[in-house]
Ligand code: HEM
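First comes one chain, alone, set out as structure tokens in the form predicted alone.
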Amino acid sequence: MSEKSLYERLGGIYNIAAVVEHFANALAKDPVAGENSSNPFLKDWYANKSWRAPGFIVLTTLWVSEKAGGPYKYVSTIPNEASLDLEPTHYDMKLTEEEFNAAGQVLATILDHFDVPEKEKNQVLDAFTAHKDEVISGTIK
């Protein structure tokens, strides 16, 4: 008998969506990557585009689901971009390594809040970290 997928071990779409929703809310409050960030894109997003948060939650839930081996597929906001590559949707955000790391710490805290077992927590964080260069590509020199 083969091991269950990470998606199954995380509890499926509803559990993933709950974690993502908490992550989005906690991220907004983070001093480095949230609404008080020094990053002009993030400041504008939280001040003028936070109405888009439900879409962020849906898309991130789909992204995590697909990365974890679930049946749902991520759909990029960039037309004709069917990849799990995060560069197209993050490049213009000019996110820094510090902001990325802050988001990773928020994610780790949320996974602990939900008592995600260590093995699964590390797999989620490894998947997150694997896309670091794509997410901060707008600031890599």
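Quick note: we count residues from 1 along the sequence shown, nothing fancier. All of these numbers come straight from a predicted model, not from anything done at the bench.
One more form of this protein, predicted together with this ligand, exists but is not displayed; see below.
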H113, heavy atom within 4.5 angstroms of this ligand in the predicted complex
no
Given that this ligand is not shown alongside this chain, does K29 nevertheless sit within 4.5 Å of it in the predicted complex, heavy atom to heavy atom?
no
So in the predicted complex, does S76 come within 4.5 Å of this ligand, heavy atom to heavy atom?
yes
Please check if T60 has a heavy atom lying within 4.5 Å of any heavy atom of this ligand in the predicted complex.
yes
Is every one of Y7, A18 and Y72 in contact with this ligand in the predicted complex, taking contact as a heavy atom within 4.5 Å?
no
Quick one: name the residues from 88 to 102 with any non-hydrogen atom within 4.5 angstroms of this ligand in the predicted complex.
T89, H90, M93, L95, E99, F100
